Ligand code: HEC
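Before any questions on binding or motion, here is one chain by itself as structure tokens, the form predicted on its own.
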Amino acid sequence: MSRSICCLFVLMIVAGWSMPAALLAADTVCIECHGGQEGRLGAPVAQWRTSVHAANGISCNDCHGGDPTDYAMAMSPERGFIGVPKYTEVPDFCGRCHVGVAEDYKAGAHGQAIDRGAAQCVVCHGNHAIQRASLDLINETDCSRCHSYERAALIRMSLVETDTMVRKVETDLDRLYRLGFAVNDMQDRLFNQRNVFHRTFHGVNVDEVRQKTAGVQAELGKINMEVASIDTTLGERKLWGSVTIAIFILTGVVFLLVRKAYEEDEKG
């Protein structure tokens, strides 16, 4: 094999490794077939390309089953194709991956009333153009499609307060880590509390959400106290460092003055 061919081969491998997950996931017969169609059959592909699923390499077959490599068997039940779930089946459909979220949803008011048309996953998150979950999903425009916004606003307020604390602790621990402090234990505790916090998102009981977020905030407060203690130590180190430097400088000045006086006495 010539040197130029070898170089080309290596470049192709590197390009494949560095290719975004969305491009890798697009190489399926599902995308190729539906991507060339118009209307409702082609729309899901364009929507999917903007989604967090596409960004993480999750393609059609990961949700709908089937064989993404075979045109003839792509939609065959024999290859696990399950198609579009019924309205009430959506939580279990999404819950195959989002296990904890599905459990929380089912235990909440929405999940308990799904047979009566209460909101399920795709009502709030969309089906194909799914974006990264954030507190922005709790807003007056969307929530008011089904009911008044007052209760949702109270829930969002508690979540925003806790989310702000989580972000601050993350920033502080990252700062201490870069300064060389051992923060593994605090990072593990933050990770656990972040998971507890995220599992409150699908509860729609104001008192329950407040109780859970208060618990998370209390634990985050303990981490904040440890961070403050380390910052106090850092402040003391800086203070003593400044004092030490000042002493060295003063000692140097005194030494120079003494030496100058000695040299003048020698000349005299």
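Note that the structure is a prediction, hence the values are computed from the model and not measured. Just count from 1 along the sequence shown to find any residue number.
The form predicted together with this ligand is left out here; the points below concern that form.
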Exercise. Have a look at N224, Q37, Q211, T50 for me and say which one sits with a heavy atom within 4.5 Å of this ligand in the predicted bound form.
Key: Q37
Practice problem: With this ligand left out of view, choose which of R189, R151, R175, K168 has a non-hydrogen atom within 4.5 angstroms of it in the predicted bound form. | Solution: R151
Practice problem: Examine Q120 and determine whether its closest non-hydrogen atom to this ligand in the predicted bound form is within 4.5 angstroms. | Solution: yes
Quiz item: Hey, in the predicted bound form, is C124 touching this ligand, heavy atoms inside 4.5 Å?
Solution: yes
Quiz item: Does any heavy atom of F181 come within 4.5 Å of a heavy atom of this ligand in the predicted bound form?
Solution: no
Quiz item: Would E161 count as a contact of this ligand in the predicted bound form, using a 4.5 angstroms cut-off between non-hydrogen atoms?
Solution: no
Quiz prompt | Any residue of 31 to 69 that, in the predicted bound form, places a heavy atom within 4.5 Å of this ligand | solution = I31, C33, H34, Q37, R40, L41, P44, V45, W48, V52, H53, N56, I58, S59, C60, N61, D62, C63, H64, G65, G66, D67, P68
